[in-house]
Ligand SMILES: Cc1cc2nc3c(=O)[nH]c(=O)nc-3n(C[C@H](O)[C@H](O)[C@H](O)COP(=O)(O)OP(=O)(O)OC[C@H]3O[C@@H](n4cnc5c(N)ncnc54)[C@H](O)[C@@H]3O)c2cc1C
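Encoded as C-alpha cells, the following chain is the form predicted on its own, with no partner shown.
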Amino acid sequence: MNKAYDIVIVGGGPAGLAAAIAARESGTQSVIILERGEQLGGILNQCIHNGFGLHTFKEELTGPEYAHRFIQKVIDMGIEYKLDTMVMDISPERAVTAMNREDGMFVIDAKAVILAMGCRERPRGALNIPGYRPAGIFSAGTAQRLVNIEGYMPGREVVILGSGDIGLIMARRMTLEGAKVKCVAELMPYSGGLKRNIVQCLDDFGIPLLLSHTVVDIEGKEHITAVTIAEVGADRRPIKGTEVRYTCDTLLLSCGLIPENELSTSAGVRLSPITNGPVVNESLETSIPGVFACGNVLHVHDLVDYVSEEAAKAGQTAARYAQGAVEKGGREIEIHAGGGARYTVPSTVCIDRMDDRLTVRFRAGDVYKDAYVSVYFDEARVMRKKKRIIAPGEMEQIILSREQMKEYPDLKTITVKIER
C-alpha cells in the first residue's frame, strides 16, 4: 500500500491528538495518525489520578478523561488513524514507512510529518546501581500500568529511587493499595517532580523524601529482599558511613525520561544534547523541512496541558506548510539559554514567519529562590521578571512579541537567563 497524505502524525498520545485536531481545524483534510499502541491516548490511559486539564479545560480531570475529550473530537472530526501500527522509518523526503498486521509494510508520502512519539523511562542499566539483578525491580511507569490497568500489585514493601513525578504519584498509589512505601531517595539535592506532587503524594502520607541519597546495593538473587541507601556528596558519590539498609520486595525507578527519538535520528533530524529532542524553530519545525516535533519527544513537559498547547501550534504550522502557505527564507535569530537556564524551545526564531507572540519554554538547572528570569536582545536586557522559586522539576516560560523584536532590526541573539 502506497498512499499520500498531507500530514502524517507519528504517535496518538496527547501531543498527536492535539496536533491532528489543530491541523484539521486549520483546513487540512488529509491527516492520519499512526499509533503503535492498542488505543489512542498514550500514557494518559494509565494515569488515573486527577490534576489534568486545569489550563486547557479549567477543571480537574483524570488522565483517561483528559484523553477522551481529544479522542472523541478526533472521531467526531473524522480524522483517520491506525492502531497497532509501528513506524519503521521516516526519510528526509517525508516518506513514512510503517507496518501492521492488516496492511503489512506500507509507505505513506507526506507533505508534512509531525513527530509526537513521547518519551520513555530511563532503565536500570543506565543507572549503574551495584548488586544483583533480581525480580521486583520496575520502572515507576511499568508499575503504574500493572496496578492501574493490569490489576497486579508489584509488591508490598516498596522503596522508590528518583523523585520524578511518576515516582511521586506511584508512592501515593502504592500506599493507597495497601503497600508500605519506606522512602523515596533522590540523587540530586532537589526533587525532579512538581511541588504539588511532593506535598500531595509524600507529605500527606508521611513518606520520607531523602534528597542527596541513592541506592548503593541491591540484595536478593531470585527476588529483591533489601536495598542499601547512602547519602551522596556534592560530587554525587556515596559518603561512607551513611549507609542505611531497607528491607523491601519492590524497587521502583523514577530516574528521568528520555524522548523517543530513534526515528528522528535515522531521518537525520538534528537533536539537542541537553533535551535529547529535536532542535526546532518558532514553527516547531526541525532541521528537516516539513518535519515538525511537539510534546515530550521534543522536550519533557511537566503538565500535559502544555503538551496540548504546543502540539496545537505544531498542527497549525504543519498545516500551513502542507498548504504551501509558509514563507521561505528570512533571517534566523538564535535563542540561547544562559545563567541558570539549561535550554530553550525553540532554538531559533524568524521575525518574518513568527506569530504576533512566541512562547519560549525552558527549565532551570538548579533550585533558585528570589531569582529573576531575564531576557537579553544581544547585550540589552529587555525583560526582567522576579520569581520566588524556580526549580528544575517545573517548566518555565516567557512570551516574546513580534512588535518588540522589530524594534531591534540588527538583532542576532536572544538570551534567556536566570539571575540572582
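Each residue number is its position in the shown sequence, starting from 1. Keep in mind the model is a prediction, meaning the values are calculated, not measured.
This protein has a second form, the form predicted together with the ligand, left out of what is shown; the following refers to that one.
- Judged by heavy atoms within 4.5 Å of the ligand in the predicted complex, the contact stretch among the candidates 199 to 207, 273 to 281, 140 to 148, 73 to 81 is 140 to 148.
- This chain appears without its partner; in the predicted complex, the one residue of 117, 269, 159, 229 with a heavy atom within 4.5 Å of the ligand is 117.
- The contact with the ligand in the predicted complex, taken as any heavy atom within 4.5 Å, belongs to 166 out of 185, 112, 166, 174.
- Although the partner is absent from this view, residue 354 stays clear of the ligand in the predicted complex, with no non-hydrogen atom inside 4.5 angstroms.
- Contact check for residue 350: no non-hydrogen atom falls within 4.5 Å of the ligand in the predicted complex.
- Residue contact with the ligand in the predicted complex: residue 49 places a heavy atom within 4.5 Å of it.
- By the criterion of a heavy atom within 4.5 Å, residue 108 is excluded from the residues contacting the ligand in the predicted complex.
- Within 4.5 angstroms of the ligand in the predicted complex, the stretch 4 to 30 places a non-hydrogen atom from each of 10, 11, 12, 13, 14, 15, 16, taken in sequence order.
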